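Following this are structure 1 and structure 2, which are two forms of one protein chain, each written alone as structure tokens.
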Structure 1
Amino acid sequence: MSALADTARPRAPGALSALASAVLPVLTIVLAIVAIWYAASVMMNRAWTLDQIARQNLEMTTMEIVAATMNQERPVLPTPHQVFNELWSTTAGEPIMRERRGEMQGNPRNLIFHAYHTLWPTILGFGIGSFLGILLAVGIVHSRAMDMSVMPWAIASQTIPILAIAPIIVVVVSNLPALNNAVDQGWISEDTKLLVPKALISSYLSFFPVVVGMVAGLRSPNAMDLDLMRTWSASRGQTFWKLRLPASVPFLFTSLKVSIAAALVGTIVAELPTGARFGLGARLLTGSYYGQTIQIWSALFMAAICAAALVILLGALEKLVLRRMGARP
């Protein structure tokens, strides 16, 4: 035991310094970005402050001018602490639910409420998109005709800018008789109906990375492995379930991470032209209409936090699945 402890002790500082060498550069860069950001906001907001001073015939020292540029109500570039304050006050400072017309409803002043309205369609769209992507990839790998005809059009489909599709999908989907019928029958609420077009747009963006990654993954077993399966006289189905599918899992997760970030972009973009009232995209758009720069930036940061959380979640899932499959870390 003591021998083990002895060998373990000198390692600790090594691990610590390894951690430091990984964190220190990132920290430096982040600090540098924050410093540049502050400097830039002083530079960009100065004109307005100087203009105000000239109009009101005030005398201000340089320090006071700098302080004033950092705390404008509608700055050209908000400072980091303004964005952080806004983020804090619209998440922790506001109740998530509030009473309206006699019932408890989501509070549109709370950013978490908007994030919720963006996250649900994202996850739904990601689910649909990755399911279709996997299905398409299985078809492509097993049918030469499908490979040759679908793949070029899948690539072409991604060159259609999503915003061009978004309003059309919303018009088409909200006019679908089946969906209207479901609302009339009370099967789904009006809110759920609004969620469907957003989810479809985000699935449109998220299916492509999955197709590409999954095709590569399903084709990753080499000729030797495939020959071995043949010597065991494995059927196509057996080869698929026991060799191709397990081999594709690492590829799949890499694509899923790209795809969920794309799905979030899809949902936010879908909220822009459709007149959505709730969601981070709607928040961006109202901020842009009323010149509320701080609101735009805080919505942007909330989107960033959501994207990071989703990617980290998938990363954790990936680790779990790979460990279950017997991969060594």
Structure 2
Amino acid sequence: MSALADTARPRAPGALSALASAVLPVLTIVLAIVAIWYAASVMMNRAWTLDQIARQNLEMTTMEIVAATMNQERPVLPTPHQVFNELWSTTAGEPIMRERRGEMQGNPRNLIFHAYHTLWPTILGFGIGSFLGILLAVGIVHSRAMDMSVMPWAIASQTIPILAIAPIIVVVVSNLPALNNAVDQGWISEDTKLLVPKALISSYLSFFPVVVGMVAGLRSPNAMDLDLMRTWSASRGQTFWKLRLPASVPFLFTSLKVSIAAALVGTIVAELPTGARFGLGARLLTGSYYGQTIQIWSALFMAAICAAALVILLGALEKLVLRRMGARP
């Protein structure tokens, strides 16, 4: 009888099968992307290889031609293994610090060093943008005048291409007397001075998702809950702290994840016209100057890795905050 009951009872999936069901779809998509990438690399790099074969009067088999297209020094489209090798050699293969003129300084050949110079203004700009976004959202929700006047400007600000205003911000901020005096007095270096315009451009892109998310979150309590607060004679401040703000937390973290990625993009774009020597944007610019496509792609992948790490950190913080608020996953 017990054996029959065990047979009829559905067995719970084991940890291995659960892991396989979670990993296999992702792995399948990744393998498909890699296969398409290799095929595209062969097609786009084939013309240069065939031209070199014709110039040198060589005879090569199809497999040798395919292998040659995958290992060019300056390919039109690098292959995945070339990008991975470049990432490995410029992170694990290069020291982050090196001795120069008797001092230990950052190694510009190391991508982690460049990522460090991009992440600092990103985090600073993200903090400024998020703070301004939350302040604007609170004002928009509580003031009809701000709702009618500020919100349209916030939307319109995002229609201006960041590439158009980045040089303007760089020129204006770089000529601020306070910053120039600080450099002349030796309080900050030229590289630290460039951090300010990069952070401002980063905050410009990051504040808008926070505004939109927080406005939606602060307005998410339904009319019955708001009426209930009125029947309890709750003030606007009490309604804000005890009802609107807790209801907006899931909206806030969702918008923060979008905002941190936008902040990273803003910093990389800001590094292009600032003449920055270090940073992922400077690395991209150097690669484009010298036609080093492998270097460009590795910098792009490092930027993607940094963005993923920042979003994962925010996701962990979101779970911690929601758990402390009593929310169940």
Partner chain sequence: MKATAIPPWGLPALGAALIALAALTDTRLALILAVWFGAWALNATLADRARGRGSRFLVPLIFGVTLLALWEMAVQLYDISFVILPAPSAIWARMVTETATLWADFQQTILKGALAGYIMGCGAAFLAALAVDRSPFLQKGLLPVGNFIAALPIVGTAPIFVMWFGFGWQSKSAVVVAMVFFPMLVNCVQGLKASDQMQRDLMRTYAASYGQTLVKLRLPTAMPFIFNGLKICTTLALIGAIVAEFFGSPTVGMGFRIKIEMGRLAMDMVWAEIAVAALAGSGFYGLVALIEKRLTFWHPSQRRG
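In this text, all values refer to a predicted model and were calculated from it rather than measured experimentally. Whichever C-alpha set is largest while still superposing within 1.5 Å between the two forms counts as the rigid core. Structure 1's sequence is the ruler for residue numbers, which start at 1.
ask   = If only one of the two is the form predicted together with its partner chain, which is it?
value = The form predicted together with its partner chain is shown as structure 1.
Threshold 2 Å Cα movement between the two structures at A309, rigid core reference = No, the C-alpha moves less than 2 Å.
After fitting the core, L320 CA displacement of 2 Å or more between the two structures = It does not reach a 2 Å shift.
ask   = Superposing on the core, what C-alpha displacement does V23 show between the two structures, in angstrom?
value = For V23, the alpha-carbon shift amounts to 2.6 Å.
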